[in-house]
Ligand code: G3I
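Heads up, the chain below is alone and in the form predicted alone; it's given as structure tokens.
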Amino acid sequence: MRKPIKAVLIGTAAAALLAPCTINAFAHSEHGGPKDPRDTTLGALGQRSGVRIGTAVDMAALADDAPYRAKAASEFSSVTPENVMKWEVVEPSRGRYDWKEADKLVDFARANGQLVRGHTLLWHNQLPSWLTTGDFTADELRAILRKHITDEARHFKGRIWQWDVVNEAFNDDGTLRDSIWLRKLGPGYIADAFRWAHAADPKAKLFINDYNIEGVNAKSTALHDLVVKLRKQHVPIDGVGIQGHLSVQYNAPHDIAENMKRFDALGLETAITEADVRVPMPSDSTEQEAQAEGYDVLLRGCLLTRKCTDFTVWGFTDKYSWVPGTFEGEGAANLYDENYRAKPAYSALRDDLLLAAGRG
């Protein structure tokens, strides 16, 4: 996504805590070896392990790059739009919608037997200029927000598996982010957004999504406390999305599974929604192994959490990564290099899924 983030990488100590043998307790699918080469894709292996393995999709690459399109269709069992469902794209002028690219992605997913994660109904970023420069009263802004959420969720009704309803509402210290929504509408905008989305599409799973909440910290605890409060108010929130933007340069939380399990204990679904692990450039073999460990521990945290439903990578090839344009001197954050060669990170995910499915 287009934002600067400081994230963390799980270290060796955490890998020991999440020893491979413990994943066997999670496996709950049929046994037996793959019968077809297609059965060894991440998507197919994930489905046998009870987890969808998805990717964010760049629509320009999908249209223009045949190898990208083939890999997106064959390797993953769910897709997320990188940008084409965000407010600035779908409603560039007030009340006038452009669903063209988003509909293309939904159609692509349907043609390939994939589910769609909608991203995102409400964010402080990538808003249209008419909204950010307009002089709206609180009542006017609330009506605009309600209409936008209702219109978008209703447009895709029955075609979206999970929605990131509210995206990045917190600061790292656990306070609510100072956004147009908080300033004008107060903290109740979060509950309202979920209620409006549910009314528009009652069957979609509704998530609150954020970054730097991989481990137990001030931010993830504040989000946990908010979710507890929302549930007591009967707000229709179904899950928590943990983005998983990591870097090999930072120390790691050793408690990702512990963190995810406390949301699980609330009866909420969880998901890793935007996984990537960036490295200083040029990358070398040591950094690629550290990168593989980062992906590995994120996935294991999901596999060890009963109600973790999916693991999505934020793009799968370095050819189209958002990282170099945002983090100076960093890149190579994805599972495949620019020539679609699989990296050690890909093998780490595949091995985890084989083990979780009882085939290791």
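Residue positions are given as counts along the sequence shown, with the first one as 1. Everything numeric here is computed off the predicted structure, so don't read it as measured data.
This protein has a second form, the form predicted together with this ligand, left out of what is shown; the following refers to that one.
- Not displayed here, this ligand is kept clear of Gln249 by more than 4.5 Å at the level of heavy atoms in the model of the complex.
- A residue is said to contact a partner when one of its heavy atoms sits within 4.5 Å of a partner heavy atom; Arg117 fails this definition for this ligand in the model of the complex, lying far away.
- This ligand in the model of the complex is not approached by Trp196, whose heavy atoms all lie more than 4.5 angstroms from it.
- Among residues of the shown chain, Ser220 is not one whose heavy atoms approach this ligand to within 4.5 Å in the model of the complex.
- For the three residues Ser78, Trp161 and Glu269, a heavy atom within 4.5 Å of this ligand turns up in the model of the complex in no case.
- Only one of Asn259, Asn167, Ser283, Asn212 lies close to this ligand in the model of the complex, with a heavy atom inside 4.5 Å, and it is Asn167.
- When this ligand is considered in the model of the complex, only one residue from Asn112, Gln288, Ser179, Gln126 comes within 4.5 Å through any heavy atom, namely Gln126.
- Look at 69-77, 92-100, 240-248, 261-269: in the model of the complex, residues with non-hydrogen atoms within 4.5 angstroms of this ligand sit in 240-248.
- Contacts of stretch 86-101 with this ligand in the model of the complex, defined by any heavy atom lying within 4.5 Å, are made by Lys86 alone.
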